[in-house]
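Below you'll find only one chain, the form predicted on its own, shown as structure tokens.
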């Protein structure tokens, strides 16, 4: 059983998604593609329920766009296609017939939606419009692929696209999108930093990009969400124009923002331990597992009591599994459900049946408590809240303990050369030349600068040129 921390993290991740029956990766005969197994698909479904709710509460409408995009459509926005041209999968034949027009498997949907917005939107009175879809996208990933983290078919791509009558309203939407993602990751207990990506690393075709990054147990940063102010680059290419209130015509302003199964990879990685998954109660497929413990002589008495407990908990809306498999020991069952990250386990034997109690075991702390049956439901609710708070607090401690501010390049290089990993913050003048040189010298990738002014540490010189430090640059080893 591999350890989760350090150099063994990748091995641990592949072990846990296989043993917990989350995601089957590496055996499908197309590189970079995985299969969601039933237990993992339920985790995925519960995660998507949260983001759907947050989007629908803020006026987003769900749509589904075609998977195939004609080359002529994908190439209309020149900067966009340049950013994706090495990653696009092309369909060139239908059966044995060569197609007249090459078709791209959707790498993202800004182009195809802009084509339709030109048909659907004619007046400022229809704006803003907020759409989203959850779908597969395809990108020809040339680096070493990793399950959920770096794949060629992204099966859980949530992309939102919005249209606005003005730049100011589009920027308001950017703030709303950032807030939606803050709430989303907070509900999952995933810690994060928010950075404005440098211009050389923004989304192709965007005015600017804001990204959410987290830190995995191997101290590599993982991008888990992005928010883009697209401006008018796509609407000019596709003639998406509306009549404004003053009766003039102008091109629509757009934003887009996305997440993928990287969120679930982060959920697994940040909360898990050497024993397996540790799922937040709000996304766990199973709320409670009951493990009956009995000998042949007392089986009937114990199982009657278990049945009563089961019915009581189902009546309170919990999703329960009673593990009454005959051919497995209680110890095996404990380990089996620990790997799967079930938040709460109830052990019930003759002692519990005789005393009208249950023994509750928390997955996060493995603490055991004997609870009277009349206090069982309230104790479970308190435990669920406490588990969520504990997971969230641990995640934030992890990332905060591994963010370091260094104001001197020599000090930064010494630390990195001695094996330090995490998120490094250094004073930066804001010039691309210095930012790119930081990447080269330190060997970390630039993540960008904080979007919140109170996170910026001022009055220090840029570590490269010695000029005024206008902001800070964040750097890390990344996926």
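All figures in this text were calculated on a predicted structure; none of them were measured in a lab. Residue numbers count along the first chain shown, from 1.
Below: the form predicted together with a further copy of the same chain, not depicted.
The stretch among 55-63, 408-416, 423-431, 437-445 whose residues place heavy atoms within 4.5 Å of a further copy of the same chain in the predicted complex is 55-63. Although the partner is absent here, residue 400 sits far enough away that none of its heavy atoms falls within 4.5 Å of a further copy of the same chain in the predicted complex. Taking non-hydrogen atoms only, residue 186 never approaches a further copy of the same chain to within 4.5 angstroms in the predicted complex. Not displayed here, a further copy of the same chain is approached by residue 327 to within 4.5 Å at the level of heavy atoms in the predicted complex. Within 4.5 Å of any heavy atom of a further copy of the same chain in the predicted complex lies no heavy atom of residue 451. Out of the listed residues 90, 167, 200, 332, 90 is the one that sits within 4.5 Å of a further copy of the same chain in the predicted complex by at least one heavy atom. Between a further copy of the same chain and the residues 244, 73, 320, 149, the one pair within 4.5 Å by heavy atoms in the predicted complex involves 73. Interface residues of 19-36, taken as those with a heavy atom within 4.5 Å of a further copy of the same chain in the predicted complex (partner not displayed): 24, 27, 28, 29, 30, 33, 34, 35, 36, in sequence order.
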